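Taking the form predicted on its own, here's one chain by itself in structure tokens.
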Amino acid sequence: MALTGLQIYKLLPKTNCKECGVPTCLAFAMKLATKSAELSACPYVTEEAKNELEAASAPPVRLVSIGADGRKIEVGNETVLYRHDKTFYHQPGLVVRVKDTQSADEIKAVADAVCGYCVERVGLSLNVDGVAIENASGDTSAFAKAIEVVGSNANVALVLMSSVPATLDTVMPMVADRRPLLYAADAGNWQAMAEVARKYKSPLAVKVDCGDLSALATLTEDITKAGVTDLMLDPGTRSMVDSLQAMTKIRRLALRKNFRPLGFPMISFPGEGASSPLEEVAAASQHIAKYGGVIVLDHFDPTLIYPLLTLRQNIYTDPQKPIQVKPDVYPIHEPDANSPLLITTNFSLTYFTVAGEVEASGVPAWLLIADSEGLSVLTAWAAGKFDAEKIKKAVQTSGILDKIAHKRLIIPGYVAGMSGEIEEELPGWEIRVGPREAVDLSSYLKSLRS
């Protein structure tokens, strides 16, 4: 069980030296108890106390890193069951599996597609994170050739899949510097697998059959005692119902009960229980939400990958800190002093939607982005973050007055009722009400020119 703040305080040196960055030892103890500080920050804690304090200072779900450079995957270190309780911190890695029974051209095509895939959404680049290589042939040389083909894409994370420790030991020198995830240790091979993982300092996946969490906990305890602590869990469930139950139990035991043997991120294989690519995507969506760490896909199709990346981005955006752009003046199509001036909020989706429609119109314009703390137009208006006073401040402090020779401002149609208030705040200005929907901006702006 985790120690309370007072229990932790009794084990600290009580010097109040402030070298940990916290004013008092008691305050530091409280931070340790809430998993918001690291024990290593205290330079004077005794070795005897460290053993007792490690359980309190360690996160309930261990942070595990896969890869070294490029698209490094970091998963774990989560503190809540539900995103709305606080936030999820480390989004799951999406990797695509190839098998060494495929031709070199087929493997290269998948690896190149994964490496080159990138889409932009609300100003962020969304990527697939890596490639899993399975030793389906059972032949070590075929496995090595597949790894060599994939290995040319140096910026993706790797998962090496073989149940034979000697095979992994043979191929690991090829990619050891990239710190791949080794899959998987089980009841029959865990000692040798742990030795390979320890030798190359790589994370190790641990697998059991049919959701046997007791067996899984026993394995992780044995492996951590053997010196391998960067683990990922595969409960062996493949159907959506069984996976949901097993993964939820693991997360609950780690967070609610502080059960250390299951305090690791999870790896899942949604394609293994699916009858079609669409069913695989449905299962992968479930694993993104609850509670996959690395999700291994069997198909790469941009039309199916994109919704998964979008879902992942939405779930792993801090609900208390919406994605937002910098409040500023954004010129579109090289506007001049007489070009129209529009204003909206700094919620990223709002900005990119409005900016995209203005750009599509071909009309040069100034887009003034007000600071609404990342809220959309109606939400910001309801919260008092996008009112007449805030709009006045944006106009007067943004520098737009030095760029235009008129006093005309176009506001979103959804806040048309504020036009009179804005005119009071900005005497002499003409406040125009734009369309309610961004899709109508193009025709609206063109009508201003006629």
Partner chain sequence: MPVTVETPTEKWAGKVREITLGATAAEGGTRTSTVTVGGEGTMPFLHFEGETPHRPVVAIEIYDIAPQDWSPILMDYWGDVVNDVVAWAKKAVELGADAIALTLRGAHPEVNDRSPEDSARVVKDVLAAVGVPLIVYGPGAPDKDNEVLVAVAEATAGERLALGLCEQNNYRTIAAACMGSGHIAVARAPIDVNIQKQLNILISDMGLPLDRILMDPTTGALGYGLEYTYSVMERLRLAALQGDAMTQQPMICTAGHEAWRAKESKVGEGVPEAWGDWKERGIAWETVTATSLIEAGADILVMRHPEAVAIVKKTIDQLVAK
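Residue numbers count along the first chain shown, from 1. Bear in mind the structure is a predicted one, so any value in this text is a computation, not a measurement. Heads up, when I say rigid core I mean the largest set of C-alphas that superpose within 1.5 Å between the two forms.
Beyond the structure shown, there is the form predicted in complex with the partner chain, which is absent from this document and is the topic of what follows.
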* To do: Please name which of the stretches 83 to 91, 336 to 344, 228 to 236, 132 to 140 has residues with heavy atoms lying within 4.5 Å of the partner chain in the model of the complex.
  => 83 to 91
* Structure fact -> With the partner omitted here, the residue among Gln191, Ser103, Ser214, Ser125 that in the model of the complex has a heavy atom within 4.5 Å of the partner chain is Ser214
* Check each of Val110, Ile315, Val164, Ala187 and return the one that places a heavy atom within 4.5 angstroms of the partner chain in the model of the complex. => Ile315
* Asked: Does any heavy atom of Pro173 come within 4.5 Å of a heavy atom of the partner chain in the model of the complex?
  -> no
* To do: Please run the contact check for Cys210 against the partner chain in the model of the complex: heavy atoms, 4.5 angstroms, yes or no?
  => no
* Asked: Using heavy atoms and a 4.5 Å limit, would one call Arg252 a contact residue for the partner chain in the model of the complex?
  -> yes
* To do: Give a yes or no for Ile332: in the model of the complex, does one of its heavy atoms lie within 4.5 Å of a heavy atom belonging to the partner chain?
  => no
* Asked: Is every one of Ala49, Glu52 and Arg97 within 4.5 Å of the partner chain in the model of the complex, counting heavy atoms?
  -> no
* Using a 4.5 Å cut-off on heavy atoms, which residues of 222 to 256 contact the partner chain in the model of the complex? -> Asp222, Ser239, Met240, Val241, Leu244, Gln245, Thr248, Lys249, Arg252, Leu253, Arg256
* Tell me, please, whether between the shown form and the other one the C-alpha of His333 is shifted by 2 Å or more, with the rigid core used for superposition. => yes
* **Core-superposed comparison between the shown form and the other one, Leu375 Cα displacement 2 Å or beyond** => yes
* **Rigid core fit then Ser348 CA moved by 2 Å or more between the shown form and the other one** => yes
* To do: Report the direction of the Cα distance change between Leu126 and Ser442 in the model of the complex, compared with the displayed form, as closer or farther; the change is 3 Å or more.
  => farther
